[in-house]
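First comes one chain, alone, set out as structure tokens in the form predicted on its own.
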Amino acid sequence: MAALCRRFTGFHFLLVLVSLSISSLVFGDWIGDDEGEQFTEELLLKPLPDRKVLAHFHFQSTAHPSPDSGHHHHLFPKAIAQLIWNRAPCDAVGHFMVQKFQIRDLELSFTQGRWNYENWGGSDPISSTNAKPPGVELWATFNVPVVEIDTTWKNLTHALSGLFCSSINFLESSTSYTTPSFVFGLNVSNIRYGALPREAVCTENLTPWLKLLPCRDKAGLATLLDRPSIYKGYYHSQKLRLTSTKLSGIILEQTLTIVLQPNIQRNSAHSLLDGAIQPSWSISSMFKRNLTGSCVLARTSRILVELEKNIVSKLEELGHGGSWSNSLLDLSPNPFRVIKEVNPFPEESNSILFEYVNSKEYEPLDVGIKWKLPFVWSSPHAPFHASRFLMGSGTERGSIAISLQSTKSDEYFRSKSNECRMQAVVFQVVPWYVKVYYHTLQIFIDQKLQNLSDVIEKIRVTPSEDKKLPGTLELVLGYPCTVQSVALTLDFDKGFLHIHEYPPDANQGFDIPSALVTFPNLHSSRIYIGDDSSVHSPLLLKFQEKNVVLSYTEVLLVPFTTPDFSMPYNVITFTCTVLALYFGSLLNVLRRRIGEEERLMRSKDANKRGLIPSIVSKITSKLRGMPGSKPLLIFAVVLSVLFHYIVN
């Protein structure tokens, strides 16, 4: 018995040692080891001027380069690893890795709604990196020879389409993607860009996106992603950014940007005031869920609440500074620390971030703001607001106009001289059936026609080819900073399509993807100070990058001449009716036997009796055998003949 106990004790001790070693290896690589894989989750909340709230989720997974990359992963999603890496045979030195699609950079976004640059901002890091056009947008750069880029792009679109349950595979056609030259600032020929403006975004795209997270939506900040709360918002954009280098390995950024309308409570004392007062909100009231604990695999899990500089300026006027509980608003619970922005203009106020650490597993963290006084402010705008619209009437031809209107935001030109010039890069892709005449390009500055050579600094035009290539326009504009408006116009004709080239809802029209306008001389970087907060915050490090200020225009809906799609149905029904009548009559004639039918009719006529013989036979049968029936019989026969004569 003692030996048996010693045997079990040794076995249990061995199990404990094995479990400790495995846990030290695995969790050491997951959480504690800086050279292993890492995962962080962050949430940024920001009140917007139009009584809405911005919620920006940021998840980042990092896989540092190692011999096992692409084969063994603890935190990095296996689907993305298999999408990029593919193991090659070992060489004489040791292991050797190649990339499956040779991806250097990749960005994929699914967007529902359009970012409101006037009310939600146009020069902050969120609007410059996460404001995307409606539908699907995909661009990628490859490290393959030029002759293999198109094939690699097609294979990539099919892989992403199956991974995210979407129609990205429609971008495989050469009529759906193009090769930008300098709009993304890369100036390389190994980039491909495509967009599907009519792609519907639904929960079928969000579920695969959440499965890429280590804890999915079962723990951490992802538990707040309630589907009805997300899709009833005014704006929803989920983005996946993938960067692969030999030094840093693979960095996967998953962001979800949502603009929500808080529930307005009418039981406050200010409910009878005008719409200037902001509605109070909290995490539980917006997402209909409580946040309890973080993902155990996350290195950091935090929530940031941002107050823009105009709100901070109002607080400074009231004498509260960076206080989170004052006469204007009340932020609850108390933040872990306050992070301030470094502004290059000392005379202006800076934005403030209040940080919350999401670490308690049993106590819900319900961050919210309660407004006490009405307050109106505006978000920082880009120097020019971009928009696009159609001109002309009819179904044969028209014009595309791109307008840049000054927002009178002089903060960008404060340190410039009076002779400063603004640069704007315009990138526009049109389908091949919209035949743009690029020689009709006209540019108006302050409603005055300009000479093209005086405004255009660089231009690249790729004419469209029927059923082969879309048309692409890239041009760099240079104009004085003090102008109020810049407008571009282009004439086009509407082509004719085959009946099978029309979409199912052809009467709705055809969508032209959003145009992209960037300002390469302006950047939306922000630098924060406060106990080295940005060192372990990928989101704040992302804000410090010099992101170019950009703006997407509206999606254009171009009506086309559509054929009568009911005509094939009418032709089919009419033809089938004629054939049925013809073949029915023909089969009737072929199967009918006329001679036999005539003989049958004659036999029926011969066997048929008349009316008088029938009556006489019946009467005679009744009177036959009766005494003295002969006179009665004669009388009945005469009466029957007279009746028949009178009736006829």
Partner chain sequence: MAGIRGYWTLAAAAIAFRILLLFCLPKDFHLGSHPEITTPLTSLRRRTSPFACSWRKVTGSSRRPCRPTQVSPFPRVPTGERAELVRCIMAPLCYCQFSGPLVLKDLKGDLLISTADFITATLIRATGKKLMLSRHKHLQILNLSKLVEASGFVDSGDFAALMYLWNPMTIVICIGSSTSPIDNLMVVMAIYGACSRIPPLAAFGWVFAVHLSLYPVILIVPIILLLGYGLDAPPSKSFLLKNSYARKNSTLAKIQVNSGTSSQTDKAINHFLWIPVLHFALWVSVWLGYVLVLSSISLKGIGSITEMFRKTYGFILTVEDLSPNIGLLWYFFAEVFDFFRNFFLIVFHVNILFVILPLAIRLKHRPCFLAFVYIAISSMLKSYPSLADSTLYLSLVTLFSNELAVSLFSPVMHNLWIWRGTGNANFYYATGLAYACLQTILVVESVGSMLKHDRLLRKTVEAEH
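Heads up, when I say rigid core I mean the largest set of C-alphas that superpose within 1.5 Å between the two forms. As the structure is a prediction and not an experimental result, all values here were calculated from the model. Numbering follows the first chain given and starts at 1.
Beyond the structure shown, there is the form predicted in complex with the partner chain, which is absent from this document and is the topic of what follows.
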From the list 228, 503, 463, 374, which entry has a heavy atom within 4.5 Å of the partner chain in the predicted complex?
463
Proximity to the partner chain in the predicted complex, single hit among 212, 497, 159, 548 (heavy atom within 4.5 Å)
497
Residue 457 within 4.5 Å of the partner chain in the predicted complex, heavy atoms
yes
Is residue 568 near the partner chain? Define near as a heavy atom within 4.5 Å, in the predicted complex.
yes
So in the predicted complex, does residue 148 come within 4.5 Å of the partner chain, heavy atom to heavy atom?
no
Could you confirm whether residue 439 comes within 4.5 Å of the partner chain in the predicted complex, counting heavy atoms only?
yes
Want to guess which of 238-246, 378-386, 449-457, 112-120 is within 4.5 Å of the partner chain in the predicted complex, heavy atoms only?
449-457
Note yes or no: does the Cα of residue 245 move by 2 Å or more between the shown form and the other one after the core is superposed?
no
With both forms fitted on the core, check whether the Cα of residue 437 differs by 2 Å or more between the shown form and the other one.
no
Relative to the superposed rigid core, does residue 541 relocate between the shown form and the other one - that is, does its Cα move 2 Å or more?
no
